[in-house]
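Form predicted on its own, single chain, as structure tokens, below.
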């Protein structure tokens, strides 16, 4: 018996995990945009769509070089920046956050119509960047990311009201079956997993390296995977994976000689701007969850 909650997406209220049906649309808009009808249909059905070669080799090479330059400039002995996360068992850079705030290539990418336009098309509203990051998975030492729904964290820890957000992941290097690609459970976006446990203070300081709270238990993951399995979002550099904020996803570690580096741009609808976190704790820092709304320029303007 599923308990009734005033908040339809209440989570981490103790007890065990439970599944509840999604209370929001998947696609909020029906206007024109970069994604065609078949791509939108796959996004609606599976919770994600892979668009290969959306960016040119020249564009990707420039972005990759800039990402690697920024990572190389970090002092691994004393990064002294909250928006830099190191690997849990090495000093390699794991993530660089809030890259869309820097003037230059990543800010331009965030506003690119091929990405932001697709977000507006699917979310049916003007959008802003809720979070941006470069996730690095260095050869031989890139650690895994646990199973989770972004929305569960964004709702509980950041105060995102509804499932009117998505992520666009640009593959900066080839993502293969072997070097730790994004793993997803197709169709899992139609179910919300209320996770067990209570959120500790300053949870983000641990969860960005290894997440324990806000990760569904094995029984929930198994149930959602029954009949559909687990899919990997692979492709050459320049591919973009658009995925719903509630899609269950993870990634394995990288034990290959080939790095896997991706940029994640998380778009939120302006009408879905953040409020006080629903988990009752102070909000996470702005580098993880933008609380000021700055809409992105539209090609329609």
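Remember, it's a predicted structure, so these values are computed and weren't measured experimentally. Positions refer to the first chain, counted from 1.
Only in words, not in the display: the form predicted in complex with a further copy of the same chain, which the text now covers.
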Site test, 104, 132 and 273 vs a further copy of the same chain in the model of the complex, non-hydrogen atom cutoff 4.5 Å: no
Exactly one stretch in 109-117, 90-98, 216-224, 150-158 has heavy atoms within 4.5 Å of a further copy of the same chain in the model of the complex; which is it? 216-224
Is residue 232 one of the residues lying within 4.5 Å of a further copy of the same chain in the model of the complex, judged by heavy atom distances? yes
Under a 4.5 Å heavy atom criterion, is residue 144 part of the interface with a further copy of the same chain in the model of the complex? yes
Under a 4.5 Å heavy atom criterion, is residue 178 part of the interface with a further copy of the same chain in the model of the complex? yes
Is residue 253 close to a further copy of the same chain in the model of the complex, meaning a heavy atom pair under 4.5 Å apart or at it? yes
Checked 85, 183, 196, 74 for heavy atoms within 4.5 Å of a further copy of the same chain in the model of the complex; positive is 183
